Structures are given as C-alpha cells and as structure tokens.
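Before any questions on how it binds or moves, here is one chain, the form predicted alone, in structure tokens.
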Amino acid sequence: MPPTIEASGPNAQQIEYWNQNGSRWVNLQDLIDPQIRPLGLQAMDAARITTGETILDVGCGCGDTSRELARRVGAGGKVTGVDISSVMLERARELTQRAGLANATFRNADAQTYRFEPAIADLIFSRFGVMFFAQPDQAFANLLTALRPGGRLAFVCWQQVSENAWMFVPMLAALQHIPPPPLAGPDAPGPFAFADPEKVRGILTRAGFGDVAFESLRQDLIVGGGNNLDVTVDFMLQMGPTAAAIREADLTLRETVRTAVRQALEPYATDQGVRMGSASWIVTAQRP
C-alpha cells in the first residue's frame, strides 16, 4: 500500500475508512464512474469552465473528474485532484499518466485542514466528494482561502436517499431480511449529509461564500455502468446503504438478501443495463 497521510485531526475516522476501503472503490471504478459521470459533467457545465483556469478537484478519488477537468482547461490550465485515500490516488495517477494529461496532478491531503496556497484557484469542484467532512463549516472556510476573489465553487451531492431509487429500492429489499445499520446523526458525514439545501446554504454562507444556488438534478442512471442484472446486483451489495446493512448482517442471510435485491432490481433491467432514478443537487457559489 502506498504511504498515506496520518489518520489524525477532525477527519481521522474518514481518513482511516477511505484508506482501508479504497481498494474496493478502485476495484469497482469501472462500474461507478460510468454510472455517475453524467451528473459530474452537468455540474462541470454549471461551473462555466474556461481554458487556462486552475481548478482544485476535491475528493477526486480515482481521478475520473480530474481528467475531464484537465481536458476542459486545456494545456494552459492546471487541475489538482485532492483526496485522503492514497490507494485511490495511486490509481488516479496511473490512469492520468496513461491518458497523457500532464496538466493534472494529485495531492494526498485532507481538504478540511490542508494549508492550500492562498488565492490559487479559479474553481473548486467536487463530484460527490464534499459530504464527508466532520466539520464542514471549517472545511469550506479553508477551501475558500484557496480561491481567488471572484473564484467559483461547484459540486454535486445527493438528495435524500428516498429520492434515489437506485439506492432506496435495493436497500428496502435487503431490510426485509436484515436489520438496518445504526443510524448516523443528522450532522454526521456521509453520502446524504448535504441532502438538505438550507443546511448546505448555511454552511457555505458561514464559510464566506456568496451567490449560493441550487439546481435539482433528477434523471435515470445506468446502475453499475451498463452491466447485466447479476453483475449489477453484486455491485449494489458492495456499496451504498445496502452494503452497509449487509456488513452488519448474519452471513447465513446474505444469499437470501441477494435474491431479494435481484428481484427488486429486475423490473428496471433493460438492454442497456439496469436503469433507475436518481436525485442530486448541483450547488454553485462564489468567493466575493
């Protein structure tokens, strides 16, 4: 395993988690990226990216968004992908080098506490990477320092789980047979931590951002990147709230749960893959 930042500070638990579990996300990358890429592309369009800009890509993971951002800013621009998972960044560097994108680099750092060079970026971007801060007010205040005056923020985050059929339907099927995992607190980091737009508006406003705006994005996703039903079921059992419930379950029930999840997803299967609804927010803001 490549060296990683120390699991310390307010996000120590997240640093530990994403380094212990990063290899799972690397292994699933070919299924995850095609599924959520369309949402990230729409957030990039909302960010009004121009050639020559400098961008920080927060929570970049395996670098799919960083590579697209690098293409959009061109050779005269620069993209720095930031993530706490050294495992995922190793994959990001490998794929970016293979793509020949010399204007994209990666930094293993905690964006909540890392001392960025002041006023270096035209844009801070994230695709589902900013909902995991233990102290989001402080995290966004720190990120603000990296933006030039007039610089922009754009990210995409999930709405409530009940609005995301691709996660909610398999989760309900699983919970017919196993108990739910422990509930996280309302302010705990996690995939749905930014589901409430007024909560997010408050975080960004307190951090110093202005012109905070939300666009509701509702569209079908090809779950698991267009694979067949059985591959998609296995994928859903390894990530998201369904996977969290299964990790706490009795091993003897796992095949029962898999059958229930397969039956729940079967009506959504098409020739192009399993197609299910999603709901997310595109959030934009600006440094005054």
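Just so you know, these numbers come straight off a predicted model, no measurement behind them. For every residue, the number given is its place in the sequence shown, counted from 1.
Beyond what is shown, the protein has a form predicted in complex with a small molecule; the following relates to that form.
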Problem - Distance check, Gly151 to the small molecule in the predicted complex, heavy atom within 4.5 Å - result: no
Practice task
Answer with yes or no whether Ala174 is in contact with the small molecule in the predicted complex, where contact means some heavy atom within 4.5 Å.
Solution key: no
Problem - Close approach of Val161 to the small molecule in the predicted complex, 4.5 Å, heavy atom - result: no
Handout entry: Close approach of Leu147 to the small molecule in the predicted complex, 4.5 Å, heavy atom
Key = no
Exercise for the section: Pick the stretch from 104 to 112, 178 to 186, 195 to 203, 212 to 220 whose residues have a heavy atom within 4.5 Å of the small molecule in the predicted complex. Expected result: 104 to 112
Problem - Contact assignment for the small molecule in the predicted complex, among Val26, Ile36, Leu237, Ala245, heavy atom within 4.5 Å - result: Ile36
Fill in the blank from the handout: Heavy atom within 4.5 Å of the small molecule in the predicted complex, from candidates Ala92, Val79, Ile84, Ala121, belongs to Ile84
